[in-house]
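In structure tokens, the next block holds one chain alone, the form predicted alone.
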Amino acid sequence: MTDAITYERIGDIAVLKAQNPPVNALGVDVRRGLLAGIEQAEADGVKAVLIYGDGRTYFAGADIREFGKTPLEPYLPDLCNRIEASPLIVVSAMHGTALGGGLEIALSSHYRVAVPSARMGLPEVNLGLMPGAGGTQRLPRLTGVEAAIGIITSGRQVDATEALELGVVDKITEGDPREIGLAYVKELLDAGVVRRATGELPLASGVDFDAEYDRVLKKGRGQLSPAVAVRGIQAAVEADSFLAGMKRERELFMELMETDQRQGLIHAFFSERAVSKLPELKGVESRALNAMGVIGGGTMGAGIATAALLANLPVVLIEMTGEATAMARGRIEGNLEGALKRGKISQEKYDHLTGEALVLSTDYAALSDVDLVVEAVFESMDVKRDVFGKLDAHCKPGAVLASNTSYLDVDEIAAATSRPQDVVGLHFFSPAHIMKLLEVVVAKETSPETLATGFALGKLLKKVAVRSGICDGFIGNRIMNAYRRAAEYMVLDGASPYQVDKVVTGFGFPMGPFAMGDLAGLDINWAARKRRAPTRDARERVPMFYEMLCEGGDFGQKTGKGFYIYEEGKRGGVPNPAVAELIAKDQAQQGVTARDFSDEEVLRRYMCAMVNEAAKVVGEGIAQRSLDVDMVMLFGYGFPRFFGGPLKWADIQGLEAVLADIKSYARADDFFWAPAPLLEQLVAEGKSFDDLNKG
């Protein structure tokens, strides 16, 4: 026995209690303790074994401290098989969460009882893996194949009620897990039940596994682990024996262990948890957050207000006119109606949020009691400085004044107030009540308490908050401008916008840059291009087909036409034939001879532009760590999670090869493709971007 598992005998029942706080992770001491407990119970001559977790949960999954290390015996698949093979009746009492290996321990038990609040699942696909200790073999024997495919390939958690309906648990009982477990074991013994091994249950299926594999691969935009998990479930159905199915599951698991996608997903997992942990905020207390103000009730402002309301933060929203406040209310109510329809909130909650918790006004004096206010007005420095002057006059001392600007200098905005220490940038992404990214932009005089409050708001709103310094576009939009320019250069030189979009979506992005421009509104980027034009470097290439399209009034989906043509009632668009004419005109005016681009070159240039600019962002200190860039691109721009982010992707490719490609592109355009000094330094020192995360 180990300290992580205690053994107690109560009559004919051996009780194995897990006590490995905080989540009873299945580290080696827990595994050894469970094995020793089963063996001792058999030697003691009891009739049954109860397994449960002390504290707040059953086994919540693997011990993340063991990730990347050589596993130690007993291995989890062997332990699960040993538990299932016991001649005693083995029962698991489940509370909290039973995830991954935790659920696999429960599935290898012969019977399962759970409290109503228990949740369970097999989330391994989110780490680029699949269940490897019998999950793909045992779960379908309880739920049926189709339900098992849905649970395993999504990695979602199942509540106790659904688990009971599917046969994952046998009984739901309110109470302490130890007490309900003992009561259930006694009930089973009194009824004279026999041992019921999940691996011995019959399994039939009429599923077309090839079709399921293709469907899941397409749904995951190329993520391998969910699709490979389908093959594991297929082995449960088609293998000659349960042990043969287990062997095939393990083979598939080990294949996934060696993939680049697994590296990327592990990086994303740990980076998401590390990104908001800033050394500069250690010991710094955030200010109170009991009420929030929002300036502007357009799409962005209404989304920010909705996010705050859903986090139970009362909102005061300011608009210029009564008509505008009515429209803002309509947008917010529409957002909350969506949450109501999805079951995220009750009707009573909806009524409270749209009534008591939301105040709309045209008078800035209504903001007198809010703790933090976010402006979401037109992207104009003059407009924003005017707003901040009014906030300075009406908000109470200590209130945090935040700008939702996407590009503008927060220092200049802060200068419009008498309290620049209270000013911070909070760049939300649209739709703000859905998108998880929040860039927290630190101005020159932003105080540590103000910064901490920005991160506290992000946590309250369940956002992934990332620290950014000040530059044009901050982290995300600055990088996006670079790879969008790379895409435009390729189109000017002969590639098709539709080829670029297809290659990018084939890589795993939800949309290509030209379709995304149509969705966001081409006029937004057009305005930014015009703003930058007076200070543009003379060496910069400037494709003009984008401007030509906008000058014709085609701004994308909002006007029904952009790079694509959109018909009402139809999803997506079809290529706009006029675009080819504009590109040809641009090529003729600039003396460009078009050439063909392979899909491989399109992707490589697109990604190298992203990596090079990201390296400049980190090298200049706009982002403090490479993982900050990766999280911005994952949660704000749809970068495929299974590659971890652009800088993790570059590490996987090899920085020397990436730099060599950038230098080769620079032979034709040494301004745009000037290598990032940080990238050159890392290559010279034989280091990776990930090394920058370890300081």
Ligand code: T1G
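We call the rigid core whatever largest set of C-alpha positions still superposes within 1.5 Å between the two forms. Sequential numbering from 1, following the sequence displayed. Predicted model, so just to flag it, every value in this text is computed and none were measured.
There is also a form predicted in complex with the named molecule; it is not shown, and the following applies to it.
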For the named molecule in the predicted complex, the stretch among 579 to 587, 126 to 134, 287 to 295, 377 to 385 with residues bearing a heavy atom within 4.5 Å is 126 to 134
Contact with the named molecule in the predicted complex, heavy atom within 4.5 Å, among V658, V46, A60, L35 goes to A60
Heavy atom within 4.5 Å of the named molecule in the predicted complex, from candidates W526, F269, Y350, F209, belongs to F269
Heavy atoms within 4.5 Å of the named molecule in the predicted complex: does T450 have any? no
Review point. Just to confirm, T97 within 4.5 Å of the named molecule in the predicted complex by heavy atoms?
Key: yes
_Even though the partner isn't displayed, in the predicted complex is G686 close enough to the named molecule, meaning a heavy atom within 4.5 Å?_
no
Is K277 close to the named molecule in the predicted complex, meaning a heavy atom pair under 4.5 Å apart or at it?
-> yes
Within 44 to 76, the residues having any heavy atom within 4.5 Å of the named molecule in the predicted complex are R56, A60, G61, A62, D63, I64, R65, F67, L76
Classify P21 as shifted (yes) or not shifted (no) between this form and the one not shown, where shifted means its C-alpha moves by 2 Å or more with the rigid core superposed.
yes
*Establish whether a shift of 2 Å or more occurs at the C-alpha of D661 between this form and the one not shown, with the two forms superposed on the rigid core.*
no
Worksheet item: Superposing on the rigid core, does the Cα of I652 end up 2 Å or more away between this form and the one not shown?
Response: no
